[in-house]
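First comes one chain, alone, set out as C-alpha cells in the form predicted on its own.
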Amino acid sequence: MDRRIVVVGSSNTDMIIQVERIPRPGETILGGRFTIASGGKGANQAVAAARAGGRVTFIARVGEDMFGDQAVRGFLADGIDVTYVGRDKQAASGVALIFVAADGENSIGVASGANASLSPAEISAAAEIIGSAAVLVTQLETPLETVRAAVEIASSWDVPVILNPAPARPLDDDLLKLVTVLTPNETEAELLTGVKIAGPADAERAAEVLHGRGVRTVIVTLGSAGALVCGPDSRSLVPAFPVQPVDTTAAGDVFNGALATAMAEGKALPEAVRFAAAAAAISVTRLGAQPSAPKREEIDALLAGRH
C-alpha cells in the first residue's frame, strides 16, 4: 500500500454572489459582488487533501468545455493525478450557483452536468489504484451506484473508506456497513437517523443509530460547536477553532480532505480530526470553495498556535 488518497466525486464551477442576506423566494437583492471559483464536493476534497500534504488521485467527469479545461488545469496545479478525470462529449461541466450572506451562510443550486454520467464502469477501470490506496474518499454528488461501486472495491481490498453523505439523501445499510468513517453534518445525520440534532448529545444519539446500521466510526460536524467523534468504544468532542467566518461553502469538504490526508499519514483518529478541524477553520475565513483550502504549513501553524 502506498499513502495515496483516492477521491471519487464531483467537479463543478461555482458562480458566487455575495449578498447581505440570502434572498427569499421571489425576492431580488441588488448590490452583490460576483466571483467565479472552482468547486464541487469531490474536487474540493481532492484539492483540500492535496494542499494538506496528501498524494491524491481524483476520479471524476467533466465536460469538454472551458469549465472542464479550467478544472483540469487547477487539479494539475495542485499536483493531483488526473488520469481518471474523464471528459464528456455530450454533457456540460457541472455548475453551482451560490449565494453567500454577510454572516457566512450560503444557499446553493447545482446543475450536475457531466457529474451525473460518472459510471461504475469508470470506477472499475480504476480498481487497481483504489485497491492500492491508503484511503478512499467519496460523497453523494455523483450517481449512487457509482459511489457504491467505489466503496465496494475499496472494502474488498481493506482500504478505509471516508463517506461524506452530502448532499443529504437516504442510504441503505448494505452501503453503510462498508464505510469506515461517516462524516455527516447535523442536517445529514438527522436525515439518516431521524434524530433531531440541537447539540452534541443529540449528535451522539444519532451516531448510535448509525453504529447500529453498521458504520464503524461516525464524525458529526457541528460547525462552531466542533466535531463529535464516535468510534466503537469511545466518544469525544473535538472543539472548533474560533474564527470569524466569511464563507462556509466548502468547510465540510476541506474537513474531509484534510481528514483523509491525516488518516493516510497514519495519525490516530482524534489527532486526525483536530488536523481536519484546523483546516476547516482556516477555510471559512476565505471566500470560495477550492480557493479557501489551506496549505499544509498554514494548518500546522494554526495547530501550533502560530496562525
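The first residue of the shown sequence is 1; numbering continues from there. All values derive from a computational prediction rather than experimental measurement.
Quick note: we don't show the form predicted together with a small molecule, though the next part is all about it.
With the small molecule left out of view, the stretch that reaches within 4.5 Å of it through heavy atoms in the predicted bound form is, among 116-124, 220-228, 95-103, 205-213, 95-103. With the partner omitted from this view, the residue of L178, V110, L191, A91 that lies near the small molecule in the predicted bound form is V110 [heavy atom within 4.5 Å]. The small molecule is not shown here, and in the predicted bound form it never comes within 4.5 Å of any heavy atom of R61.
The closest non-hydrogen atom of E141 lies within 4.5 Å of the small molecule in the predicted bound form. Taking the partner from the other structure, the small molecule in the predicted bound form has a heavy atom within 4.5 Å of a heavy atom of G40. The closest non-hydrogen atom of N12 lies within 4.5 Å of the small molecule in the predicted bound form.
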